[in-house]
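Let's start with one chain on its own, the form predicted alone, as structure tokens.
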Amino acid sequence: MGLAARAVEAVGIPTISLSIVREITEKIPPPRALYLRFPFGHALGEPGNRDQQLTVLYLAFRLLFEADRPGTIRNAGLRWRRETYLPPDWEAFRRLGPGAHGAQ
């Protein structure tokens, strides 16, 4: 995945990889990766858990704008089926963007 992400970035398209096996992600690091301790096949979260899935997406987009060096792997800090997720903060989504994270 890291090689594909780097090739896509080489043509000017920013990428985020969702990783569930950190050791493999570290061997061929993508430009940016969000590490989740979730089961295989569930990188976005539990089926039907909309708030959890939107939280993963928010963290991924946030990383897109906050990563300050290539090869950044950030731990999402989420747990599988052991957390209550709040509905998304849509205002926080709107504030994401280049340079916006410093203004929060």
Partner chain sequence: MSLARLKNRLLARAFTVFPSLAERWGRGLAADRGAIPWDSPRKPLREATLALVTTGGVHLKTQPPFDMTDPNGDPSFRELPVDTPQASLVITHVYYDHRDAEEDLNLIFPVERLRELVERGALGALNPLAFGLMGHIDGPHLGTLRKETAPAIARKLADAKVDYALLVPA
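Fair warning: this is a prediction, and the values are worked out from it, not measured in the lab. Positions refer to the first chain, counted from 1.
Heads up, the form predicted in complex with the partner chain isn't pictured, but that's what we're talking about next.
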H42 within 4.5 Å of the partner chain in the predicted complex, heavy atoms:
yes
Just to confirm, A76 within 4.5 Å of the partner chain in the predicted complex by heavy atoms?
no
Evaluate L59 for contact with the partner chain in the predicted complex, applying a 4.5 angstroms cut-off between non-hydrogen atoms, and reply yes or no.
no
Give a yes/no on whether L86 approaches the partner chain to within 4.5 Å in the predicted complex, heavy atoms considered.
no
Pull the contact list for 1-33: residues with a heavy atom within 4.5 Å of the partner chain in the predicted complex, in sequence order.
M1, L3, A4, A5, R6, A7, V8, E9, A10, V11, G12, I13, P14, T15, I16, S17, L18, S19, I20, V21, E23, I24, K27, I28, P29, P30, P31, R32
